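Here are two versions of the same chain, shown separately as structure tokens and labelled structure 1 and structure 2.
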Structure 1
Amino acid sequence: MNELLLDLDQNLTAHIRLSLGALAIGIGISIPAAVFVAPHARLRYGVLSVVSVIQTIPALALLALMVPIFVALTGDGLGFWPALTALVLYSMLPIVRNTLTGLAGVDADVIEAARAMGMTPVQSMLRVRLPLAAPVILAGVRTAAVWTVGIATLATPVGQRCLGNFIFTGLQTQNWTSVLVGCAAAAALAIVLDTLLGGVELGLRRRRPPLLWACAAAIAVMFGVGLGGPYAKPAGPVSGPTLVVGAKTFTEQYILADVIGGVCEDAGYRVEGMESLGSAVVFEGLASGEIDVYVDYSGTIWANHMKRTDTADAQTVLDEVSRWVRETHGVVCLGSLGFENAYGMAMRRDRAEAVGATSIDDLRGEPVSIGGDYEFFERPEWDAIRSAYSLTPSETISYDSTFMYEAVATGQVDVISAFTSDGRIAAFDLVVLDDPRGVIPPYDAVLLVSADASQDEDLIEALRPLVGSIDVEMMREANLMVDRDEDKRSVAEAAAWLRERIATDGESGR
């Protein structure tokens, strides 16, 4: 709990900065746009249609779409600006709609009276129509504020620190306290912001300037706290260079990122974490230099990025991957950490025995249900497995990887796309089916360093001892420490244990 509280100020201030920044820009765009199109029926319809269509795009998908767009435009696709842009777009519908509704609701006699007094259309809008429509407009702003604060928790997968860091990490490591802290903090922030905006609305409606200005000042102070808050947790010497360590969205990645971070801190670097990223996003971040180092898997690069559909032995895949990342992106692969974390089709032991399944071949023609993580059914490996073994599953279901294991353990699905270094395979007594046709490529955990960071000889020297230092049994045990329900450890504790094992084995000349 203490670790969560230490991170709360950074995640909360980053969340305030992101959500209030998006809301402010959304207001600055939406209200003038609505005022401009209000007299023109066709323009009104067009603008409302556009902002309504944007609202139909799932929030996480819109955030993800910003990554390739920003990469194409600026070369940088992670972090604050892609997340801010997506949230601005999401905030616009209630503000535009309520502004148009408020303006349309102004009594025609009042508008006519303003015209009779010699006001120009601009003067009428600024002095009469907008002030009268202000309560309705503010109601739309309040709706947009709550939406924006909530949706901002989804910015974690695009590399933006926010309260979603608690939620995503907590879901993956089954740390429900972390999830609760993230949800509670986001809800509290939304309630406070909505209350303050409600005070502004009440002050306008009842003509109480002190209330209006007090609430507006409180919002300004909140925004100032967000702008002035810490952007990242300083770790290691303040004077040292800063490194960004990336991680994907599962326990093993969090542990390895912590191990790498600790090694870099000991070498005199400051470390910033960028966690809970998708496979494509984290690799793009490394290729663009926004991430300095992270652990990927040779099979992921082979299939997803190199678009290879053939298979080869582990060393050939590792050599080809190392050559490709250097030639295409300048990225340096320092080598394998010493273990493989491949996809493996796994079943509960009693279910496997009931259908006589020891290999994926035994599932041919069986109407089994198959569960996978978010990416699995869109990956080339699934196409290769399904084609090579002529699988005809009764259904395929995508899960968060945490719940995927629960699903097969409780019988909700028959088979899952397990990770072979996951400690939950043993904990749930699962059987990993053989792959006799060899269609699943090797998945050695490899240490990747960005083009710029690879020029730092001190960094390379600090990281090199990690190569070949972790075997699959060590990794499974570290993963299980975090994932098991009894005697559960934190990611930091598991990483500390793993570093100690690495040091001990290194001294004994393993």
Structure 2
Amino acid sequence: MNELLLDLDQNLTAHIRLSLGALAIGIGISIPAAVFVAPHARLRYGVLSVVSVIQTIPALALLALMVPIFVALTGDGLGFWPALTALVLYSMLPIVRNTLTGLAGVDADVIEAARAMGMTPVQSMLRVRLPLAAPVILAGVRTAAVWTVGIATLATPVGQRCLGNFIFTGLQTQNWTSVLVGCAAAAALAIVLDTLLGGVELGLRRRRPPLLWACAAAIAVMFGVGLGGPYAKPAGPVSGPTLVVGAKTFTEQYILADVIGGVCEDAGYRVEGMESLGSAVVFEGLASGEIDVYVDYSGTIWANHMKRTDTADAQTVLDEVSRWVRETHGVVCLGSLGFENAYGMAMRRDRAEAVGATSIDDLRGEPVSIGGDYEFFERPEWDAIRSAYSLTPSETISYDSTFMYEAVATGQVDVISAFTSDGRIAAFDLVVLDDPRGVIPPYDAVLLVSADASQDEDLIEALRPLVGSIDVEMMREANLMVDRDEDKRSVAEAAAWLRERIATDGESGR
């Protein structure tokens, strides 16, 4: 909890900066755009269609889409600007729509009077039409504000710190306090902002300037606090080169990022974490140099980035992946950390014994139910496994990977597509079935360094000892420390434990 509160000011101010910034720009674009197109039926229809279509794109997808677009435009695809742009686009529909509705709702007699009194079209718009439409426009702004604050929590996977950091990390490490803190803070922010905008709206409707300005000033102060920081400060020495360590959205990634961060700090680097990134986003960030180092898995690069649908032995995959990342992105693969985090078909021990299964082959023709993570049943691995072993599952169910283990432990499903380095395999006493036909591709955890960072020999020197230093038992144990419900440890504690184990193993090995 204390660790959470430490991050709260950073995450909250970053969230305010992002969401209020997006809202301000959204208002600045949407109202003039609506005013401009209002008299032209065809343009009006066109603009409304465009902002409506944007709105139909799922928020997470829109944010993720900004990454390749920003990489193409600016070379950098992560962090504040892509997240801000997505949120601006998202905020536009309610503001544009309400501005058009508000303007259309102004009494025609009043508009005629303005013209007959000798107002220019601009005066009529600024003095009569916009003020009369203001309450409706503000209602749209309020909708946009609540949406923007809520959706800003999804900026975490594109590398922008926000209250979503609590939610994403908490969900993946089953730290429900963290999830609650993130949700509660976002909700509170949305409520406060909506209430203040409601005050502005009321001040306008009732023509009470003091209320209007008091609420507007409070919003400005809020934004000011957001802009004022505190900004994330890199950990480690006060000076020295800064390294960005990336991590995807699961426990093992958080722990490994912490381990790498610690190693680099010891070597005199300032370290900045960029965590809970989408799998495609993190590689994109490494390729563009925004992230200096992170851990990926050979099979992921092989299948997702190299688009290979065949499989090969671990060494071949590792070699080809290393060559491919260097040739296409200048990225250096330092080697395997020493363990694999592959898909493994896992069953509860008693259930496996009941059907007499020790390998996937033994499931041939068995009417078992199979659970997988969200993407498993869409992946080539599943097609390969199913056809190689002629599986005829009674049903297949997708779970959040966090809940998949509980599902098999409680007997909701017979088999799950477990991750082989997950500590819950041991904790729930699951049996990982053999893959005698070798259809599941190898997923060696590999240490990737960006093209720029790989020029730094000191860094490579500092990181190299990590290669081959973590076996799967160690990784499982560290993962379990965070994932278990009893005697739960923080990511930092698990990382510290893992580093100690690496050190002692290294000495005894020597």
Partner chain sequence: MADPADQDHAGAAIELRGVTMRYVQDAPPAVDQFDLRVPPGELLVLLGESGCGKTTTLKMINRLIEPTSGTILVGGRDIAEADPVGLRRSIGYVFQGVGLFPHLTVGENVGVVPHLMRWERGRTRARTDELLELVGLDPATFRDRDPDELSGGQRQRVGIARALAATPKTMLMDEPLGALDPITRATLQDELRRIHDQCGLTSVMVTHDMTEALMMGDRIGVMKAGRIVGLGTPAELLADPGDPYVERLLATPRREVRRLEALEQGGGAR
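The first residue in the sequence of structure 1 is number 1, and each one after it adds one. Note that the coordinates shown come from a computational prediction; the quantities given were computed from them, not determined experimentally. What we label the rigid core is the largest C-alpha set whose atoms superpose within 1.5 Å from one form to the other.
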Structure corresponding to the form predicted on its own: 1
Core-aligned C-alpha movement of Gly285 between the two structures, 2 Å or more: no
Rigid core superposition, Gly170 Cα moves 2 angstroms or more between the two structures: no
Core-aligned C-alpha movement of Gly356 between the two structures reaching 2 Å: yes
Shift in Å of the Thr396 Cα between the two structures [rigid core superposition]: 4.3
